[in-house]
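Given next, in structure tokens, is a single chain: the form predicted on its own.
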Amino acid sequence: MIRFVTSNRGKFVEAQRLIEDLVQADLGYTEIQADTLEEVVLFGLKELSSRLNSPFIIEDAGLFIEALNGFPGVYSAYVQRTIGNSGILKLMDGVENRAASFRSVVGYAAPGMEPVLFKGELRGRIGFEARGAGGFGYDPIFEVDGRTLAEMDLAEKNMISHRGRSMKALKSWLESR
């Protein structure tokens, strides 16, 4: 059993489809203000390692929009809570370059070992309107091949998503041990 420390049920459901041995643990930890997802994850792993005596993972992800110099990036959760998808669409109003990527960093820690990081990325674009009823967060405005992630079912999304890629890398590593 591996604990997935997250309060985000959507993240947990996506991850559990790929790694069945996960159990959600809503324990809370400090998410520092940092320049990279890796820094945020490493800090969280260090803090939680002092509190947990069993294997666990955490994950941080962000939406990086090219025309906005990578914004919202590491601040994606805060931006989602404050201005949401409609705010991002307003920021992109009149912008031709709509290239964006979702990035995910999963950190794994267990007693007696150094933490290990796994990364995943999905390139796409910001749409012109929110579409679809699935997913969560920025999924309704993030398009891949003309469809938003919110228009895909979970299995299809997991095949291509940033989180799916980082979780698959973790799963492969776990299976090789």
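As the structure is a prediction and not an experimental result, all values here were calculated from the model. Residue numbers run from 1 along the displayed sequence.
As for the form predicted together with inosine 5'-triphosphate (ITT), it is not shown, yet the points below apply to it.
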property: Contact segment among 137-145, 45-53, 109-117, 123-131, judged by heavy atoms lying within 4.5 Å of inosine 5'-triphosphate (ITT) in the model of the complex; result: 137-145
property: Residue contact check: E151 to inosine 5'-triphosphate (ITT) in the model of the complex, 4.5 Å heavy atom; result: no
property: In the model of the complex, E39 touching inosine 5'-triphosphate (ITT) (heavy atom, 4.5 Å); result: no
property: Any non-hydrogen atom of S101 within 4.5 angstroms of inosine 5'-triphosphate (ITT) in the model of the complex; result: no
property: A77, heavy atom within 4.5 angstroms of inosine 5'-triphosphate (ITT) in the model of the complex; result: yes
property: Members of 145-172 lying within 4.5 angstroms of inosine 5'-triphosphate (ITT), judged by heavy atom, in the model of the complex; result: K157, H162, R163
